[in-house]
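Single chain ahead, by itself, as structure tokens, in the form predicted alone.
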């Protein structure tokens, strides 16, 4: 790992950090130590790092905003890459946007709304970066990333390739990126010119108000824990097994929204996994439904 750190620093490819933990980089504040964190300053520099890194037998994990991620309590022996320190996050011409993986989608939503463009209001409540949002086909309030995405440049073992939206196999919180372990390098979006000035900002304000009422955003959490089964809501199933507020040590089912598991301070990944597995077991017993965890599980 010393050689990798030296390569990054000698070639001025960005910043490197040691002695960090997943608690520093996730919204739920859970997880073990990370051997090395790399924050590239440009996509080209990341690609230089990536070609060098492939020579080694270390694991690599790309982290976005850190939501929707649960890392184990064990030490991670590889490199975690965060794109949040890129020199350029996005640029736009009218309603057409080219965004880079470290750009927060909340910023896109607000900036475009201020410029008189709508269609991205649903992004305003999603704690994600562009890379993670494309990877997960993030969505809210009936809209998803696939609805505004035109194309994306993705990195795989064969190099960087541009894919149109139709080729990315998007479905509910699923994408080709997950199936083939692809890394988002940039994404092109289109936003709509609003007919009524200020309408998008008004919609964002309404969504923000609703979110504060219905989701435990003031708590340490990683977003919704389980996929909604077809035609159902996961929170209703969890409610019906009597698990709203249920707690294992410092891991708890939110009293505000039963599909959010929260860290009350000091929860471990072991606590979280126990709670997840117990909920799945009880829902299966009661309703014969297999709940699927929505979070990305790292280093388990």
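Please read all numbers here as calculations on a predicted model, not as lab measurements. Residue numbers count along the first chain shown, from 1.
Not pictured, yet referred to below: the form predicted together with a small molecule.
- With the partner omitted here, the stretch from 135-143, 226-234, 163-171, 198-206 that lies within 4.5 Å of the small molecule by heavy atoms in the model of the complex is 135-143.
- Screening 254, 27, 269, 263 for any heavy atom within 4.5 Å of the small molecule in the model of the complex leaves a single hit, 27.
- Of the residues 106, 182, 97, 149, just one reaches the small molecule in the model of the complex with a heavy atom at 4.5 Å or closer; this is 182.
- The small molecule is not shown here, and in the model of the complex it never comes within 4.5 Å of any heavy atom of residue 31.
- Though the partner is left out of this view, residue 89 does not reach within 4.5 Å of the small molecule in the model of the complex, counting heavy atoms only.
- The closest non-hydrogen atom of residue 83 lies within 4.5 Å of the small molecule in the model of the complex.
- Remark: residue 67 counts among the residues lining the small molecule in the model of the complex, judged by a heavy atom distance of 4.5 Å or less.
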